[in-house]
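Consider the single chain below, provided in structure tokens and representing the form predicted alone.
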């Protein structure tokens, strides 16, 4: 991130959310750290999923963090971009499938 509404330095302050609510922050970070441990999926696979989801939720902090993280894990540019395309396809498809809801409403109102 360069100059944006978001301050890139704030990513390093993420842990500071515990200042205002330490108990819930601890629960969140414990959960977060457990999620990213090796399991049925590798840490690398989880990082790629996180990169894709970061784009879906449009979190610039997450995009920066998981781009750097996946690169450190040896993920290629092509693999990262494929993950972003998967996210885009799901997001676009989710919007389009709601078109059925609109069509149903149009048909109901047109009767």
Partner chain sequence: MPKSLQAQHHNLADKATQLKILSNGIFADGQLPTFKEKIEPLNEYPLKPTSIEIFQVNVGYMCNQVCKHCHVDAGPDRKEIMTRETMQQCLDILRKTKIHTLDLTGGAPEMNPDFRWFVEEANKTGVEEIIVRSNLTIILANPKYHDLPEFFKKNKVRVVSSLPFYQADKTDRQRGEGVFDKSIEALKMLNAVGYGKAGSGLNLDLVYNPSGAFLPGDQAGLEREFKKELKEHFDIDFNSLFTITNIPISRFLEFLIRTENYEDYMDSLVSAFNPAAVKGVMCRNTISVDYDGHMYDCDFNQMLGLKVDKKAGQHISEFDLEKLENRNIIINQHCYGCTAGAGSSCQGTVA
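Here the structure is a predicted model, which means the values were calculated and not measured. Positions refer to the first chain, counted from 1.
This next part talks about the form predicted in complex with its partner chain, which is not shown.
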Query raised in the report: Counting only non-hydrogen atoms, which stretch in 65-73, 45-53, 82-90, 24-32 is within 4.5 Å of its partner chain in the predicted complex?
Result: 65-73
Query raised in the report: Hey, in the predicted complex, is residue 98 touching its partner chain, heavy atoms inside 4.5 Å?
Result: no
Query - Contact flag, residue 12 vs its partner chain in the predicted complex, heavy atom cut 4.5 Å - result: yes
Requested in this report: Would you mind checking 27-41 for residues with a heavy atom within 4.5 Å of its partner chain in the predicted complex?
Outcome: 38
